[in-house]
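Okay, here we've got a single chain as structure tokens, the form predicted alone, with questions on binding and movement later.
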């Protein structure tokens, strides 16, 4: 047995034991969806960090920095700053005013059926986008580690998908939380160790490290070039609307985090709003430390491994594991790759439970059955069935895209959808008395349709590839892009807000306005929240 396979199997065994333990405690809707709200502040903070620091962070961002230097590091900046929005705007009100999902806050003073239907659709879309990125990373990682002759990319994606479904179906939120906690601790330990090894390679001198970063040599279209990776312009160039694309990316990352369903549901697992705030502070400390260290992962891979070697050894997603191999050999390579594998399993479990919870609680129970369960435990059973369906869709699309798609880029698109559809209605529902059901539905629909449509007609999907391009590198639509930017956030986010505002101005809803004061009191003080969460 190879070291990599052994470490993989050890982590899988540990997580399956946790799932077995959690399954015995996950009886009933509150236990399955929110772990009975008994997660402490530090536990939820570490779990939030584990949920947030996904394969896009560990694999994708390291790869983007290794290939595009400063421009790739902008992904790290966006993801780090984004948690300020969560802390200052949504964490406390969400915990006080909701029960299981984001739609609980919207339905508090609005007509619940149309709002919950659209919110469930948006949640499923964002979660699926995000999940596809994790599955792509998982397939590429396992194939690189174990060899394509032993495990194909398709087999690796299917295997990860099956494990993800097991965690959610049997262990619920409790199992998912502890898988995320273990993964976050492992990821932080591995990243710190890898960063220290990079510094050791340069004689513990930051000056030597950054000096090397200013002279990175690689082949560009067959020509050997030397670039300063501390200067912008390797990815976002003026010829490709670089400034606008970077602004669009930043908007998607900063605003999208506060609309990510799998992050928002974590605030329902704590007993009160104070604990929710504490958990966000814990998460910000861990997340901030991690994203600072992506500097060493990405630039270290560019200078020590080399961009050319990374390109032929598994693509830019494998920059961090290849850096570990170059610095400390195959055993450390296996350890870092196993951490990346743990990262993927934890995040896809969180995504799956948020998607299945939204469908079961918001659509099946609230929309189809008008808020009543026909049989005890039916909502949980529907959530488990949904987990199977969502997992199957993510597996299928990840196989279709192939292992060469950059996972950080794919996740940035999920952030754009979340920022365009979810954030406008959450903010306006909490802070605008006039806001009503028509505005919520139109805002969700406009943001969702605008972001998806712009993605389809952007360079991400549409482009005429040169002859001979095959596989995942080939664009899905062979046509010059209509929308010039890779990320739609700069246009789709204002459209989401515009749709919500115009929809609100089209009609008045006295009930929604009359309950605004009640929502404000509960959102800011927590009065009445405990009764709502135990109903």
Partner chain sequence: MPSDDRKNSQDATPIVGAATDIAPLGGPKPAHERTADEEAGLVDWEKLAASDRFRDLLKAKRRFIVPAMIFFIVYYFALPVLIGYARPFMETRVFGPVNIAYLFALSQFFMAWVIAALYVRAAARFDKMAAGVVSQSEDAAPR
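Since we're looking at a predicted model, the values are computed, not measured. Positions refer to the first chain, counted from 1.
Not pictured, yet referred to below: the form predicted together with its partner chain.
- Within 4.5 Å of some heavy atom of its partner chain in the model of the complex lies at least one heavy atom of residue 277.
- A residue is said to contact a partner when one of its heavy atoms sits within 4.5 Å of a partner heavy atom; residue 303 fails this definition for its partner chain in the model of the complex, lying far away.
- Not displayed here, its partner chain is approached by residue 70 to within 4.5 Å at the level of heavy atoms in the model of the complex.
- Interface membership of residue 111, defined by any non-hydrogen atom within 4.5 Å of its partner chain in the model of the complex, is ruled out.
- If you check its partner chain in the model of the complex, you find no heavy atom from any of 204, 309 and 329 within 4.5 Å.
- Taking a 4.5 Å heavy atom cutoff to its partner chain in the model of the complex, the contact residue among 285, 368, 400, 385 is 285.
- Residue in contact with its partner chain in the model of the complex (any heavy atom within 4.5 Å), chosen from 192, 84, 225, 392: 84.
- Picking from 196-204, 74-82, 317-325, 349-357 the stretch near its partner chain in the model of the complex, with a 4.5 Å limit on heavy atoms, gives 74-82.
- Looking at 291-305, the residues that come within 4.5 Å of its partner chain in the model of the complex, counting any heavy atom, are 291, 292, 295, 299.
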